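So this first bit is one chain, no partners, the form predicted on its own, shown in structure tokens.
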């Protein structure tokens, strides 16, 4: 006799969601994440306050950066986690567009939910999306302006400035975007097309105003020179190290030394000093006149460096000495037995400078001539942190544009252009895929609609006008958010990077497709801690 009872193959506390329930759970989680960040989209988007718990309890961040918001929130829904990971990849890949890519993926799934209710199969929807995505990608490529063909540096600089302005318009720096646009473009153009953003250092110093931020054509290290050591060194030969420079005490956990007199303790101290003196002599044998160490330098070795007339800088953080090695052409070393094999860094001048209340060390005339430092001033730590995030986004977008110098009109023009291409592709498609292609176009139009809503304008009216312009082939028309009208983005100078816009399209389509394919969610049973086993 066969039992009709269902057979359970999962552990007792494991969970399983099937078919429609699993799909709706994924849709709800992804759409909720999209709605969370949608209000930050555009030049008049709102900010979020993030309050930390746990170790950094009470720490407050004020931001409208999509990547920062999504990194900071804890999500339990698997589809929501996919969108959070996608935004991180977008941030690492091109530095901007993290909010757009999340909102677009969420809107695609919102449209997919409606199509599922109309009994369209997920694979049919995916097929229609792919048709629309290919058409949108091709239309975007055809509408982009490429300055590489003409090698017109003046036009490229104008476009870079427009891209920086557009990127900074939706950030805290929008009121000072002209000042920071110049800083960002000057810094990126110094890289001479390499795109190596590690050569650009950003230092945050509290106090002053945002417009007092400036670009320093050199490398600044937020450290101080040791006591009684030279404050200024010309034609510096720099040894960069990561080595302990405290007195070499016995560092074996639980070890003890027993002595029978105070004289023996004095002998141990002398031995420790001799060992440290030998180490300093090995360092001096490298013929360096500047020594920079990641770890602390105690009083005795600091005194020895001062006696030798060597500038010693301690406790330079690892990111700082890595960047210092890059810009001065030196290597980070830990042992000093082979001076002939060690590559020293070089620069023309090292000196102490005062910025606000902070004393910093400036390295001028470094081997990597493109190296520079942007110093950000601001009234509060929250303002400075948000300014750094905004500037980082602008630098990443500019570096990506310099590598692939293609630009596209902003203000929603790119999204409307792609939406029209997706609609036309859907109209040419026979079968149910046509409905999915049209849904893809509707999701694209939701991005400029959200930008208009966040500014308090009538989005339905503006999008209808914009769609009419694009249907007549006026592909440069977009939303003028300063006046609440439709305008020519090319004349207004509202420009975005083609690389960022393409990445938003492709990443959002792939993430939404991945979530739509799901028909089962399995959650493992929580791990149980076993009883403590103590030896008998």
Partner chain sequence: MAPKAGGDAIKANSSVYKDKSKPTDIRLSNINAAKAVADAIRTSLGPRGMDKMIQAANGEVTITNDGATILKQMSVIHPAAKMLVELSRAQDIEAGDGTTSVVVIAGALLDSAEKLLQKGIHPTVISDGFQKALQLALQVVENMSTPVDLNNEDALLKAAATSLNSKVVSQHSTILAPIAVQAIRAVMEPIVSGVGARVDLRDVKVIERIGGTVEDAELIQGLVIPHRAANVNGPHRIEKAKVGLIQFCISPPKTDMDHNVIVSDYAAMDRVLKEERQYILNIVKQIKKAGCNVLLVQKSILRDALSDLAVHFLDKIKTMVIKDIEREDIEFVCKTLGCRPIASLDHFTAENLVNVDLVEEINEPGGKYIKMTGCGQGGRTVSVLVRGSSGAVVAEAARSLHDALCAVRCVARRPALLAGGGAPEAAAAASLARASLAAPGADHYCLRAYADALEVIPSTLAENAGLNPIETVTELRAAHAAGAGGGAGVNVRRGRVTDMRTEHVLQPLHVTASALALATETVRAILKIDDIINTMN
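Rigid core (definition): largest C-alpha set, two forms, superposition within 1.5 Å. Positions refer to the first chain, counted from 1. Worth saying up front: this structure is predicted, and the values here are computed from it rather than measured.
Another form, the form predicted together with its partner chain, is not on view; read the next lines as being about it.
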Proximity of residue 322 to its partner chain in the predicted complex, heavy atoms at 4.5 Å: no
Non-hydrogen atom contact residue 171 with its partner chain in the predicted complex at 4.5 angstroms: yes
Non-hydrogen atom contact residue 52 with its partner chain in the predicted complex at 4.5 angstroms: yes
Non-hydrogen atom contact residue 272 with its partner chain in the predicted complex at 4.5 angstroms: yes
Candidate stretches 342 to 350, 175 to 183, 417 to 425, 113 to 121 - the one whose heavy atoms come within 4.5 Å of its partner chain in the predicted complex: 175 to 183
Every residue of 69, 257 and 263 near its partner chain in the predicted complex, heavy atom within 4.5 Å: yes
In the predicted complex, the one of 230, 208, 244, 365 near its partner chain [non-hydrogen atom within 4.5 angstroms]: 208
Interface residue in the predicted complex among 85, 234, 458, 93, criterion: non-hydrogen atom within 4.5 angstroms of its partner chain: 458
Members of 301 to 322 lying within 4.5 angstroms of its partner chain, judged by heavy atom, in the predicted complex: 302, 303, 304, 306, 307, 314
Residue 114: Cα shift of 2 Å or greater between the shown form and the other one (core-aligned): no
Yes/no, residue 464 Cα shift of 2 Å or more between the shown form and the other one with rigid core fixed: no
Residue shift check between the shown form and the other one, rigid core fit, residue 265 Cα at least 2 Å: yes
